[in-house]
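A single chain comes next, written as structure tokens; it is the form predicted on its own.
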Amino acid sequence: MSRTRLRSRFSTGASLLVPIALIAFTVLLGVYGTPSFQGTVTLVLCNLIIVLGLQVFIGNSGVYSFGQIGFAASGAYVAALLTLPAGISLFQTPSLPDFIANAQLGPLLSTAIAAVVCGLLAAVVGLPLMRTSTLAIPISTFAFLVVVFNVVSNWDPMTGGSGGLVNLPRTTSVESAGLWAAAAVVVALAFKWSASGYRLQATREDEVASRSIGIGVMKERMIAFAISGVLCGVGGALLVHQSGVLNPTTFYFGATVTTLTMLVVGGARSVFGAVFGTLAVSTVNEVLRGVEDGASLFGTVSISATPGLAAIGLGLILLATMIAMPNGLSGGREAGELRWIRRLRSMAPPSLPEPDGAPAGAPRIERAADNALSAEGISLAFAGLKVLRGVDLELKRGEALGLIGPNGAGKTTLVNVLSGFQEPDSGTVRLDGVDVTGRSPARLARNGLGRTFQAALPFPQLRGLESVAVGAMGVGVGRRRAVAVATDVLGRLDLLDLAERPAGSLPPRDQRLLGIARALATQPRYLLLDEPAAGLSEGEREALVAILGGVLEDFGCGILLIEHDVSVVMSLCPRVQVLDDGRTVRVGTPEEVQADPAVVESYLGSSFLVAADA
């Protein structure tokens, strides 16, 4: 694999060509089928475009939306009104403005306009909705769907009301629907593999860790929501010109359940899963619909009419998939990542080469000027309980400052204040002399402040190289250059063997090191490490000290180290600050701190003093 690529050319090509081949095969079946079968295949392909629209947002963000069918409905009505014959529109939509009623556009232009309108609508709707919590977005988007349904159902002079629109041009063929579906696959994969797509996938894996590396969660969700609206609008526009009629109930709860079932069954995290799930569920649905009116198997077994069998079948399929295969039939993997497709290669993909210095496009982090990350008089209370009481701190570039103290002393809270995750009640945080008190974690990361957490917070579904590259993308580095930065960081930390392994499958030590590499990829001037040695063996702790010493030497950033293992702090940090009960007890060299009776009494313990004297 190239050092400037996140996946091999084979994987990229297979991930693109396999779903397009499935679409081409479906088109061929439709072309040579009966007129009725052609209509069914065209309907399936139109639904596929809508499902791909869902995948762009839901699959990459991990946040479910029940309102995307509202954009499909909007696209359908825009395209229908732009193509409705003038004589018919006079009776069905008498209040329609003349420039729309007389437009009578062709299918390509009307579909393109519907896509643009739905994209803009999604941006407008998404602006307030994406500001809500992850749990509130599904409910909010469903409310949007209800609003769209009631508007088109009751605005009779403009939309035809509950009676709908009829005699629309039937211009969507199997071939045109197939071409649009193939284009939608390209758009969905291009977004997924873009820097914005990777940033959004990082928020899906862990929102807190994403914010710590500079990713604006709302912004990335907004981009995906708008692109999703475009694709859903295209699907709705094509669908209405396949049937020739438009009814508000066509794009409501039933369509929402059907398309979401297709996405979940196939695997929401992959474009291949969206394609495969749509085709699989559509096939089963058509079979069950045929059986609803009664059928005979092999001429011997008769099945009586069973109304509602298709809906029951879809429900059971969805339930079984969510229980037995939470990641869907595709396992959440693209076609090029499936094992049986990778075996088609005669040779395994080569591993990443060892670095021979920093690659082109991956600038080394500049060494320090005489500036610092400082905190002055930081105080913070939770429900009246004072956690920090006027704490001061100064971390210079290129130095390691240890922060120790008993549990509940306020160490992590102080780091949360420094990194923007909590705002102090009083006090000031300055970054290289600039007041940054209250700035968001994402903005601080872009300003040069990196951090890790007590938990490793990996991005489980991303490979090691992708996880670190997302760190660079989070602060605005382009995708190709971010890969070079990530390769350079992994090489300097001697972690290249983790590049192709999923982060969620790594042991705790490697997950913590990958988290440090991810933070370093943001090119921080100051790096805040919260208990990086927790859970490590003695040998692993010694190796960690050596790695962090190399970070100081090679990257030139200042390190604030919170650690309960005093030996790690004393080995790495020439200066140590001790907190107790939210106050600074002592700041000094390791020797001074170890000899301070107040520190020994509050934290180290008398046994430590005896050992130090010995």
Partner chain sequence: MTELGQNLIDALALGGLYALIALGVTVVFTVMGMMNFAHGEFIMLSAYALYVLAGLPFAAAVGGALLTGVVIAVFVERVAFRPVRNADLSAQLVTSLAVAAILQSVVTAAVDVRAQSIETPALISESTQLGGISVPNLEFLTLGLTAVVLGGLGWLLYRTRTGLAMRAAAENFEMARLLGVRADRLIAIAFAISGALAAAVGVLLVMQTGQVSPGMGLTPVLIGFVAVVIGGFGRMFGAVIGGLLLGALSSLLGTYLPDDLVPFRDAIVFTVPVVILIFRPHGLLGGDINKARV
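The structure presented is a predicted model; accordingly, all values stated were derived computationally and were not measured. Residue numbers count along the first chain shown, from 1.
Although not depicted, the form predicted in complex with its partner chain is the subject of the following passage.
> Note which of Val146, Ala280, Leu288, Val116 lies within 4.5 Å of its partner chain in the model of the complex, where distance is taken over heavy atoms; exactly one does.
So the residue touching its partner chain in the model of the complex, by this definition, is Val146.
> Which one of Leu109, Ala86, Ala190, Met322 is close to its partner chain in the model of the complex, taking close to mean a heavy atom within 4.5 Å?
Contact residue from the list: Met322.
> Please state whether every one of the three residues Thr26, Trp180 and Pro507 places a non-hydrogen atom within 4.5 angstroms of its partner chain in the model of the complex.
No residue of the spot touches its partner chain in the model of the complex.
> Do Gly427 and its partner chain share at least one heavy atom pair within 4.5 Å in the model of the complex?
Although its partner chain is absent here, Gly427 would stay clear of it in the model of the complex, with no heavy atoms inside 4.5 Å.
> Does at least one non-hydrogen atom of Phe453 fall within 4.5 angstroms of its partner chain in the model of the complex?
Phe453: yes, in contact with its partner chain in the model of the complex.
> My question is simply whether Ala311 lines the interface with its partner chain in the model of the complex - judged by any non-hydrogen atom within 4.5 Å.
Yes.
> Given that the partner is absent here, does Val208 sit within 4.5 Å of its partner chain in the model of the complex, heavy atoms only?
Contact check for Val208: yes, within 4.5 Å of its partner chain in the model of the complex.
> If contact means any heavy atom within 4.5 Å, which of 371-379, 432-440, 71-79, 135-143 contacts its partner chain in the model of the complex?
That would be 135-143.
> Scan 389-421 and note down the residues that get a heavy atom within 4.5 Å of its partner chain in the model of the complex; none is a fine answer too.
Thr412, Asn416, Phe421, in sequence order.
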